[in-house]
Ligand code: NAP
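In structure tokens, one chain follows: the form predicted alone.
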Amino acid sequence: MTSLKTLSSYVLGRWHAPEGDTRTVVDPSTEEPLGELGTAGIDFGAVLDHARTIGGPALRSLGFGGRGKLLADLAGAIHGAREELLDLSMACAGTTRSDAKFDLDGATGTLAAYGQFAAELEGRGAFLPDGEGVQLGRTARFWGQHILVPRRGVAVHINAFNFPAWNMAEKMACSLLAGVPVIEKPGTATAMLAWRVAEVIVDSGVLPEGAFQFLCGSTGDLLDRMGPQDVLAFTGSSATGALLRGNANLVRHNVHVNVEADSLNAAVLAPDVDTDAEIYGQFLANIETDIRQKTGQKCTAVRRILVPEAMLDAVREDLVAGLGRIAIGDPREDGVRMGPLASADALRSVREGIAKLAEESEILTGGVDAIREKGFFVAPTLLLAPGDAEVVHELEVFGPVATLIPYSGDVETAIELVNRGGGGLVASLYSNDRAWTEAAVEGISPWHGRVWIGSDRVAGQALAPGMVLPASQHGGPGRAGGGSELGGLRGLEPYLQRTAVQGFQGLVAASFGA
């Protein structure tokens, strides 16, 4: 048995080892304890003040272009530790090497992308003009211009366990480029990987003092000490998101809260697609990837698969066969393509979820049975449910689980079923019929942050719908949390204040205009 590592927090310019009670993180494949973490003894008020008074001014003094260079250097530093981090991901997060790359390369790729986006802002210092100026009075002498200025607070990022590197990096990229220092809190189950990434960040010396702090454990009374210039960004369950939003201090100070929560993402096969179409193969491949990749622990993974009734038998047969070929086990073993869930809690939740879905659905493959004596393993699970089943449109099972739903084929029915999910991060459409696709996009867009369109023209060329790209919006309304991240420079907006500057055109346009 290996000795437990102490996962310290980085606050106030130094590493702080946990004092008192700690929590243990384990290898999800073997259940062997790996490390201990906790934040007892940390003065959270001092942590916030350190970011506001030291980190914020240091970042803002660099201007947008200078901060972009920091992000590029940060991407390089993390990439330099890539091999070590890949091995650690397999041990502490249960990911296959391929899935570990998905997380780590997503992290460095997003940081690098925002470093490139900053090139558009070269020469911009304290603020960004927001749109064109406008005449406000009887003549053009009285002029208005909107600007975006960095908030004078700190960004607290509470990240999910499923992407310990990527989730932290995508939030950091936007906040740091905006000029707002960060306090990062990882998900507990996979905190060891996030902690090691934090060590790489600190050791690199890239970021100015106070710009980056890291809490490996509870946030204590941190939220109760946040103020009106601060930002809270959270990724996780809708229940936890609601609790955070309802924090009395955050409500009192109108702290900006950005939430990415649950999502019953849907994939829709249109009636014009048959098994000979090129996009049909892409449809099967994307669904199998979403179920297998990260053991289904992706906020963008497909949960509901809408198939025309006439295609149901073919799709069911093909998906069951494909999922049956996935080798499951310890990701460090040769040939394994899907590892365990991240924790015992995750395994319990997934098993309970499958059982709940099965009350109104038929299990086609997989299920709740244990498939290994040790570890948090579950088989890829595909169910079949009628469109009027309620639970399939209400419950997200955060694991390798998806449900087939037959529908008539008409676009109105597809729209109604997709939107019953109550708001999603991404919906994917597979069709070569332009009119059907246009109608579907118009019908489901109000309920989704992103709509992915697959056709024969992009088969084999398009990135899968489960891929979160820095240049595109990530977030969604309703059940998905109502938040918004990434989307190129739009991702900076939660960390910037929009202000209308009004006055003499000669001053306003020259000093604050585009």
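One-based numbering along the sequence shown. Note that the coordinates shown come from a computational prediction; the quantities given were computed from them, not determined experimentally.
The same protein has a further form, the form predicted in complex with this ligand, not shown here; the description that follows concerns it.
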property: Candidate site 244, 260 and 425: all three near this ligand in the predicted bound form by heavy atom within 4.5 Å; result: yes
property: Which of 153 to 161, 96 to 104, 351 to 359, 73 to 81 sits within 4.5 Å of this ligand in the predicted bound form, heavy atom basis; result: 153 to 161
property: is_contact(residue 214, this ligand) in the predicted bound form, heavy atom dist at most 4.5 Å; result: no
property: is_contact(residue 185, this ligand) in the predicted bound form, heavy atom dist at most 4.5 Å; result: yes
property: Partner proximity in the predicted bound form: residue 289 to this ligand, non-hydrogen atom cutoff 4.5 Å; result: no
property: Interface membership of residue 474, this ligand in the predicted bound form, 4.5 Å heavy atom rule; result: yes
property: In the predicted bound form, the one of 283, 398, 195, 376 near this ligand [non-hydrogen atom within 4.5 angstroms]; result: 398
property: Heavy atom within 4.5 Å of this ligand in the predicted bound form - residue from 219, 419, 229, 432; result: 219
property: Heavy atom contacts to this ligand in the predicted bound form at 4.5 Å, residues of 9 to 26 in sequence order; result: 23
